[in-house]
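Heads up, the chain below is alone and in the form predicted on its own; it's given as structure tokens.
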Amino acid sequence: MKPGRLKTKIFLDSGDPQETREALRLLRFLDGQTTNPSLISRNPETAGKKFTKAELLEFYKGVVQEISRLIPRGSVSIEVYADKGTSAQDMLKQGREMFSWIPNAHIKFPTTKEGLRAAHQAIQGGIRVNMTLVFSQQQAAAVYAATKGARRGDVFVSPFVGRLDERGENGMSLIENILKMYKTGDGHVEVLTASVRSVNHLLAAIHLRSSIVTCPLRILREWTEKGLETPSDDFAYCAETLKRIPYEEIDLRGDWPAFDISHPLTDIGLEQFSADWKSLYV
């Protein structure tokens, strides 16, 4: 049963419907699920197998359709294939097809120039989006600007806290900064805390009132063992030696191409997702 104090939505980060079932058994609720090419490549049913591009897409479709049936009232994020050379039109074409797979889809586009262009057009076409591989406040501002006019619930922005931590930066401070910045806007973008590595990350996201947090099954299992605890008002996140990311004063009224969206971790993440997807090809 969902804790009464809990306002943040809890998503599972997984490409395996069996883990969806396990999360539902553990929590007795689940607000949604995020998938990506790397998670699909780790699905047990892909072990030792190779697919044509068409077969792999069909496999992905089957996975998200099964997940959708398990959590019909939740959101299921489906990620387009993209590398550095993928155009906005190609991403949009994939996104339109994937959005038709299930009634509760959010389409994941990378927060790159082409990904933002695709998202801008997707929103105008009534497609819900989840902008992924976010590592800076400038990128989050560009997501806000590119999706102006969207309804609340139609746009997620996914900052990756764990990957920032791994290079010595306090990823949770980025969540705090984006939430603070978005308070000056119209509220149409929801912050989805991603790349969660610990229950401490989960509790910090809840404390900061992140709209959503997505976690691997092992984190949800550990949280269940702790009785689905929610942070008290005086909760203090322990960042240890991680360097805090400073807040930037950013005017959200700007056009999205004006923001500096470059970030090395976005490039690395794009390469990793692409490599994991291609590893399944015949």
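Keep in mind it's a predicted model, so treat the numbers as computed, not measured. So that there is no doubt, residue numbering starts at 1 and follows the sequence shown.
Form predicted in complex with a small molecule: not shown, discussed below.
- Put simply, of 148, 207, 128, 163 only one has a heavy atom within 4.5 Å of the small molecule in the predicted bound form, and it is 163.
- The small molecule in the predicted bound form comes within 4.5 Å of no heavy atom belonging to residue 143.
- Remark: residue 106 does not count among the residues lining the small molecule in the predicted bound form, judged by a heavy atom distance of 4.5 Å or less.
- The small molecule in the predicted bound form is not approached by residue 16, whose heavy atoms all lie more than 4.5 angstroms from it.
- Residue contact with the small molecule in the predicted bound form: residue 197 places a heavy atom within 4.5 Å of it.
- Stretch-level contact check against the small molecule in the predicted bound form with heavy atoms at 4.5 Å: of 31-39, 221-229, 245-253, 66-74, the positive one is 31-39.
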